[in-house]
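A single chain comes next, written as structure tokens; it is the form predicted on its own.
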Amino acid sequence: MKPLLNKELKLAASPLSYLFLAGALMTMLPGYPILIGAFFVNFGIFHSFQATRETNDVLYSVLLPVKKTDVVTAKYAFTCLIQLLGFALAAGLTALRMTALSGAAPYAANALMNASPVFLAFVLLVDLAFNVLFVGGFFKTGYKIGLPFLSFGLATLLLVGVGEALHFVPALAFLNAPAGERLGLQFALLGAAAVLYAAGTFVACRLAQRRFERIDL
């Protein structure tokens, strides 16, 4: 398993997967739907899957002396590693916005989603949508990427819309406080999203393994 993950990181990965981690820097943008940053992090991972298809990496991998299911596990491990790096960067910038920069005028007057634990919860939901819809969809065939990515894109638009709309509900206006309010509740929601991300990704990986086992490459 470790050699396969090293292959993903050093050989199969597109440089864009690492470059697009910069999408997490969108967390600092006022007046912008910052959840789009999570989409761009996953868009970088998409380029690695595109490179996988063009170079026949999946076929090469299954010809190695490894279990076929390990190929799927390695792809998911690589995906989750990049996602968690992007999440860690977004979390650090969120902490900066909620503390040292909470009084900055652009953030105080920001009508769109501010960085908060609930924002980070939505980042994990976008990542989960990628793991289920795109990565899971990719392993239905081992090469098709168009429809799975379209499905992920539509799911992201829905999540961004919901995330941006929540704080306009009077009872949920506290979600957009620059320094954060009712943080206990917000961190509980973040924890629930983390559990959902972990459990959903695990289930998606197992389903992808079963689908991939049935494919005759």
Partner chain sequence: MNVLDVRGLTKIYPKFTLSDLSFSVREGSVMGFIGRNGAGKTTTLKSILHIVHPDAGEITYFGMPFASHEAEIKQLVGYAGGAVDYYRRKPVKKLLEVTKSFYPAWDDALCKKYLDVFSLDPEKTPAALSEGMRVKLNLTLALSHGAKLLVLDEPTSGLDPVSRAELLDVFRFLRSQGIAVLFSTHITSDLEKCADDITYIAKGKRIASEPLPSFLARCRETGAGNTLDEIMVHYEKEDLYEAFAE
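All figures in this text were calculated on a predicted structure; none of them were measured in a lab. Numbering follows the first chain given and starts at 1.
Omitted from view is the form predicted in complex with its partner chain, to which the following refers.
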Worksheet item: Which single stretch, out of 169 to 177, 59 to 67, 146 to 154, 22 to 30, brings residue heavy atoms within 4.5 Å of its partner chain in the model of the complex?
Response: 59 to 67
Worksheet item: Is the gap between Val203 and its partner chain in the model of the complex 4.5 Å or less for some heavy atom pair?
Response: no
Worksheet entry | Residue contact check: Ala199 to its partner chain in the model of the complex, 4.5 Å heavy atom | no
Worksheet item: Would Leu11 sit within 4.5 Å of its partner chain in the model of the complex, counting heavy atoms only?
Response: yes
